[in-house]
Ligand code: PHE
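Presented as structure tokens, the chain that follows is alone, the form predicted alone.
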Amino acid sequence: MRTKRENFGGRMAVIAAFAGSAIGLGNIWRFPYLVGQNGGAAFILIYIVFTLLLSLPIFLAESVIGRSSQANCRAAIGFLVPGRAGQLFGLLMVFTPLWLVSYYSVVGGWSVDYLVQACHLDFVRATPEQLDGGFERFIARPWLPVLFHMVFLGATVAVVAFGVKSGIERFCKWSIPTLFVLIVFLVVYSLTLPGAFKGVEYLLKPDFSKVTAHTFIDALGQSFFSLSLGTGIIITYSSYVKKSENLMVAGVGTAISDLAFALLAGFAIIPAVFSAGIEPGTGPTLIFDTLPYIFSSLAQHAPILSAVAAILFFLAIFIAALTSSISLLEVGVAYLTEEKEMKRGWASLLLFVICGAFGTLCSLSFGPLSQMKILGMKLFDFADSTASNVFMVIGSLISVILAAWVMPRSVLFRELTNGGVLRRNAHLFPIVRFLLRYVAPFGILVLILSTVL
């Protein structure tokens, strides 16, 4: 017997949920340092083009697959590809987000710890020298990062267990506006710092001398990663979207929200980095290693403001990470409740145990298990590499092929135009279909080749 399915309440709920899945650590943790490494505004321009021409059409493809099926990932793909192949493709889409959330919650746990430290005023009380290497010392400790990883994952499960409307929709409807308020405050704070204008100039003035072939790969990969493509999230969330909703508007709204937040994060971080005289292309440690140093340095001039900024910044990171981890876990919960007829609470608890166990191993790979390598990588790095460079790319390619080449043209047209009622969408439909059939597969193949070569 098929489980009765919930639906999102309306357009704002749909965009909030989709934006929640898109806005995450990729915007705050990854985007600013990629901008720093790839020529500032030059990278941003390339990123915008890739988002509009490649990522948005793939997002729409996954939206169509989800809403047309009104089912979880495994079943949705099974409708289009019957037999064993459809089952394997569908299960891959269920497996990918669970693999992702297992190590993603480790990073989410770091945000919990840093939020606690910020609330204790640890960053403003310590000198910059005392904070040097603090991130490396924290992740190398065996069990404290594991504890925060489980706390973060527990918070994720708590939201998902309440369901689509009472849990996911309600959380996203207040958390996404809160995130934008927090990031705008941090932008204002960052722009008032001495020397911040150099960071603004860096973000707005393209430096094409730093643009290489790798810049295009970084921009394309960031665009895919940020919009949660190939993870089954968009398919699952779209299956909760009513037939009366405009999928194109939801897709464009999500892409704009995601891009706007990423740019705001850049303006919140890069000017502060320049103010402290730090290299903007520091790398992934820019957030967890560099920013506490910045707050400590600035506390000498404005201790109260720096303390507030530190708390709000790591609160923003925590909320952004949580909105994304919720969407990742929901894919597996939807599969278990519909295919295995499990109660939502029990399904959430089962995935908490499984993902928590694997995430614990990923966390310990920075400490006691650091010598355990797979293909020369620590377990955490291996999980991240396979998710970003293999599973998500394959998932995106499957979605594009199914929507553009397997699904009947009439179904694609019906879902994107609501049966021809949305005339503007009908005029745009040939462009979207062309991008899906020819441009998007090319972009995905470039990502694949960049990983292999």
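Sequential numbering from 1, following the sequence displayed. Quantities reported herein were computed from a predicted structural model and do not represent experimental measurements.
There is also a form predicted in complex with phenylalanine (PHE); it is not shown, and the following applies to it.
> Can you say which of 132 to 140, 99 to 107, 310 to 318, 202 to 210 gets within 4.5 Å of phenylalanine (PHE) in the predicted complex, counting heavy atoms only?
Among the candidates, contact is made by 99 to 107.
> May I ask you to choose, among Ser238, Ser111, Thr254, Ser228, the residue with a heavy atom within 4.5 Å of phenylalanine (PHE) in the predicted complex?
Flagged contact: Ser228.
> To verify the annotation, which of these, Asn27, Ser63, Ser399, Ser55, has a non-hydrogen atom within 4.5 Å of phenylalanine (PHE) in the predicted complex?
Flagged contact: Asn27.
> Applying a 4.5 Å heavy atom distance criterion, does Met392 contact phenylalanine (PHE) in the predicted complex?
Contact check for Met392: yes, within 4.5 Å of phenylalanine (PHE) in the predicted complex.
> I'd like to know if Ala22 sits close to phenylalanine (PHE) in the predicted complex, meaning any non-hydrogen atom pair within 4.5 angstroms.
Ala22: yes, in contact with phenylalanine (PHE) in the predicted complex.
> Looking at the partner-bound form in the predicted complex, is Ser363 within 4.5 Å of phenylalanine (PHE) by any heavy atom?
Judged by the heavy-atom cut-off of 4.5 Å, Ser363 is well away from phenylalanine (PHE) in the predicted complex.
> Give a yes/no on whether Leu328 approaches phenylalanine (PHE) to within 4.5 Å in the predicted complex, heavy atoms considered.
Yes, contact at 4.5 Å.
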